[in-house]
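Same chain, two versions here, written out as C-alpha cells and called structure 1 and structure 2.
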Structure 1
C-alpha cells in the first residue's frame, strides 16, 4: 500500500501540538506550507485570504451591518430643480439586504473553514519535516485528487449546486419567518426583524391565523396517515393477490396498473379534476345510468372532498406501491410460510403474523419517505381540489395541506412571513415523525430480527 498523504489531524490538535508556524498560518494563511517548501499551495492559501479579506472590506462588512437592521431608508420623493418634477429615489430594499447578508455570512463561514484548513495543512507539512521527509510537492498533491482525495473532486460540483440552489434558498426563506415581510402593513419593500412574533401568531389558539393553522395541521397529519397507510396496505394486498399462484398472465395485470404511474401525474390529476366536476364525466355517466338525480358534490362538500382526494391518492399511489413492493414480497423466506402451513395457520393469520411484520420490518425507511412525500404532497391536492371548499374569509380551504397553504400564503397572498413559518413548522413536524419512527423501528429490530 502507498503511504498516506494525509495523516488525520483535527484543528485543535494541530494548534496544540504544532509549532509557531501553525499559529502564524492562522493569521497568514499558507505561511506554514510555504515555509516547508509547499510554495504554490502556500500562495494559493494566501490568495484565498486576500480574496476573503478584500471582499469583507469592500462590501462584506457593509452587508453585515445592513443585515442587522434590514434597511432603514424608505423610498423618498425629491424635488428635481432642473426638470421641475418630483423624482423618486429608491430606499433600502430589505429583501436584497437579507440575501446579500446571508451570502456574506456564507463567505465568512468559508473563510473560517479555509483558516482551519490552512492550520491543518501547515501541521501536516510540518509532520513530514519532523520525520525527515520532504513535504509532498504541488503536483503530487494534485494527483491525490484523482486518488485518495477523489471524494473531494467528485463531491465539490454537486455540493456547490446543493448549497447554491437548495441550502441558500432554504436559509433565505427560513430567515423570512423572523421578519414582518408581508403585504400586511405594506411591508413588501422595507421590513424588519420581529423575532418569534410570527410563530406566536401562528401557534396562538385564539387568533384567526392560529385557528386556521391548527385545523390545517390536523388535516395534514390525518391526510398523511390515511394516504400513506391506505396506499401501503392496499398496494401490498394487490401485490399479494397478483402474486397468488393461481393468477394467470401476472405480467399483464401488473402492466395495467403500472401504466397509470407512467403517465405524468399532473396530466392524470388534472383529468380527474375535470371528470369529477359537478357536470364532469363521472356525474354525467352516473346520470346516464340513472343512479343519481343531482350531481355528487365531489369537491364542494368538506367530507366528500376529503374522501375524494384520499381516493384519488389511492388511485395514484397503489400502482406505485405495487411496483416497489413486488420484489420484496418475493424475497420473504418461503420456509416461514411452509412451517406456518404445517402449524395449520389460515391465510389471514399468515398475513398478519408473517407478511405484514416482515414487510414493516424491511420497509420502515420507505414508509418514512412516503409519509414525508405525503405531508408535502402538493400536486394531488393543488391539481384536484385546489384546497376547496374554502370558508369565506379564510386563506386555507378544508382540503388544504400545510404545503398548499404555504403556496397560497406566499404566491397568492404575499404573506411571506407566515409562509416561512409554515415551512419551518412542516420541517419540524417531519423531523419529529422520522425520529420517532427510527427510534421505534430500531427497538423493533433488536427485539425480533428477521435475519
Structure 2
C-alpha cells in the first residue's frame, strides 16, 4: 500500500521513505515541489531560502560571531586637533549585539523549519505522483487554507505575534541573567558572558544580595498565602451570608460590595496610601477623637506595614471573590440541599458535605490563578507602601515582593543582570508550583467525577 504524507509523518521519515528529490529539497528548497508540478510553491520556498542565505551572508554570520563575545572594543577617547577637544568614538555595544544575535538565531530556527517544510512538501507531491494523481495546484492549496485548514490560517498571525512580541523579548531578557549587564563597574555599554555567576550571587546565603533575596522570597510567599486565602475565605463567607434566605434586598448588598470594583484599582490604592500617612485622614481623625497620641506607623513599622497591605488587598480583592462564589452557589443543584434536609442534616453538615466540597472543586484553578497573581501583585505593594520600610543602603524594603524588588533593581539601580535572574527564578518556581498543584487537584484528576 502506497503511503501518503500525513500530519504524523516526521522529517526523518520523509527523507527515509522519499526519493532523491527530498534530499535535493533539503539543499535547494522547493526543488521537489517544482519538479512535481507545484511551480509557485517551489519558487516561494526558493525565495525564502534566498532571503535566509542573503541575510546570513550580509549580517547574520557577523552577528553570530559577535554573540559569542558580546563585543571586545570599548568606547575610545580620541583627541581632535582641529577642534582641540576630546571626542568619544563608539565601540561595540553589547546590548545591540545581544539583540541582533538573538534575532539571527530566531531566523535560523525559522530557516530550519522551512527546510523541514520543503522536504515534507516534496514528499507529499511525490506521493500524489506515485498514485497517478496530480499534485494540488497553488490555487487549490490557497482554497484549502480557507476551508479545512482554516484553523491554521486563523492561528498563524497570533502565533507570529506571540513569538515576535512575547517570546523573543523574554529570551532577550533571560539572556541578560548570564551577563554582567549592570551599573557595577560601569558595564552598561560593554559587558560579557558570566555563566551562572549571577545565580550563585543571588542564591548565596553568605552574601548581602542572597540574604536580601531569601528575605524577600519568604515575605512574598507569606504575602501570597495570606492575600489569597483571606480574600477567598472572607469572600466566601460574605457570599454565603448575602445568599442566606433570611437576608432581604440581596441585590442591594451585592451592589454595595461590588461598587469598589467600579473604581479603578490604582485610584483606590493611591487614596488608601494618602489616608494612612502620618498626617493622613485616618491618623488625624483618631487624634481628634483622642484615641491616639502619636500617628500610627502604618508604613513605617515592618509589622504594621505588612498587616496594612494585607488589609488593603482584602478591601480591593474580596468583591471579586464575592462574585465568583455567588455564581458557584447559584449553580449548585437545589435537590442536594433538599435531600440533605430530608435526611436531617443541619446547616453545618450541609455546608461541609455539599457547599464547601463543590466550591473547592470548582475554584481550585481560580485559587491557583489568584495565588500566582498575588506573587506578582505589583500594584497593591508599590502604590501603597512602595516597599517601605527599608533599611539604609538596602535595595529592597520589608514589604517588597520579588516583582517590586525586581522593578527597583532594574529601573532605580539598573542591575539588569540580577533582575533577570530574579525574573527567571520567579517564573520557574511559579510554573512548577502551579502545574503540580493543578495536576494533583481534584479539578484535574476527577474532572468528570463531580456531578
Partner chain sequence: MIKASGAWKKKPAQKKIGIVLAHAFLAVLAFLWLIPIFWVILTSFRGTKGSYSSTFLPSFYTLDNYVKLFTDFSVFNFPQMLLNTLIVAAATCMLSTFFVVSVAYTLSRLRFSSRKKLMNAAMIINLFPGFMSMIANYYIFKMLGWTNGPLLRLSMIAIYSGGAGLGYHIAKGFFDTIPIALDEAAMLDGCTKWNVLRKIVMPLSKPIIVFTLLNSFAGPFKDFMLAKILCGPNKDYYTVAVGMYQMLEREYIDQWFCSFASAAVIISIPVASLFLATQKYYSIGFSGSVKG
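Here, rigid core means the biggest group of C-alpha atoms that superpose within 1.5 Å across both forms. Please read these numbers as outputs of a predicted model, since none were measured by experiment. Numbering follows the first chain given and starts at 1.
Asks: Please let me know, 1 or 2, which structure is the form predicted alone?
Replies: Looking at both, the form predicted alone is number 2.
Asks: Is it true that residue 83 shifts between the two structures by 2 Å or more at the Cα, once the core is aligned?
Replies: Where the cores coincide, residue 83 still shows a C-alpha shift between the two structures that is 2 Å or more.
Asks: For residue 303, does the CA position differ by 2 Å or more between the two structures when the superposition is done on the rigid core?
Replies: Where the cores coincide, residue 303 shows only a C-alpha shift between the two structures that is less than 2 Å.
Asks: Can a Cα shift of no less than 2 Å be assigned to residue 337 between the two structures, given superposition on the rigid core?
Replies: Yes; residue 337 is a residue whose C-alpha shifts (by 2 Å or more) between the two structures when the cores are overlaid.
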